[in-house]
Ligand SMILES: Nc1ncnc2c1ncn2[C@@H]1O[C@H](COP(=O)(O)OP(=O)(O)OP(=O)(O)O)[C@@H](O)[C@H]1O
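We begin with a single chain expressed as structure tokens, specifically the form predicted on its own.
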């Protein structure tokens, strides 16, 4: 039986019977008549509890004049308009169809080889710069992502573009109201948000910077979490303690490919990661901002092009302590 939905103006379209993506809250269906559009339908149990709240947020996101440009942004699957079933009940929203492979595949020690067979360091940096550019635009518009989940960022294997999906979970200031982000994985949260009821607290640029730094680290380090299990403690406990084992006095970089990868990253890039994860854990003002990350990654990009750093995803050997790149931001590996 075909699914039919209507817009607020009464226009109806048929959806694909089977969703091509679904999660705990909703299912996403293709629109055969409009290949570039998909519709997200919330599950009945979700609508029963939160239909009014969800609709208010989606309607505000899709109609607020300050945010209207985001509906056409090529890097966002932003809500375009609400959809209703044939009885007139609100069901979800339409958005543009995003293409790509989830970033958690790119940041996986084995899985990246199938979807990104030619992946190298310049390609990873290009994806991250694409993501940072979009995040900077969102922050300028007063939007905080909040839920930094690698699975919510799609990397196009045929270009260097990243598309952000699941925009409906973000914190948005629209229609004179703040709609908060009620979800996030604890191991991606800033220390000041740990243990909080997220639907009742505002995300800030500083909390965004901390979560973003974890995402950048995982993308650069093949999925390794910066606060991974070390000394018997898990990531969340290590976040609360600000225990980051990399860099001088850090307690030891995990052995194996991560040691080699870390050694080949530019000193200034490592310096920002160390500063954010150590000093920036208790002191939010010490966290690296998006404009700063863009600058450091562009430097890394230029130096990769000059042959100053290993371009392999998994360097075979650590960088030697004698390494010096002429006019490079790189320095010898920290002990």
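Residue numbers count along the first chain shown, from 1. Quick caveat: nothing in here was measured; it's all calculated off a predicted structure.
What comes next is about the form predicted in complex with this ligand, which does not appear here.
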item: Non-hydrogen atom contact residue 152 with this ligand in the predicted bound form at 4.5 angstroms; value: yes
item: Distance check, residue 311 to this ligand in the predicted bound form, heavy atom within 4.5 Å; value: no
item: Contact test in the predicted bound form: residue 23 vs this ligand, heavy atoms, 4.5 Å; value: yes
item: Exercise: residue 165 in contact with this ligand in the predicted bound form, heavy atom 4.5 Å; value: yes
item: Partner-proximal stretch of 288 to 296, 24 to 32, 302 to 310, 266 to 274 relative to this ligand in the predicted bound form, 4.5 angstroms, heavy atom; value: 24 to 32
item: Of 215, 174, 190, 77, the one that lies within 4.5 Å of this ligand in the predicted bound form (heavy atoms); value: 77
item: Answer option from 180, 73, 91, 96, heavy atom within 4.5 Å of this ligand in the predicted bound form; value: 96
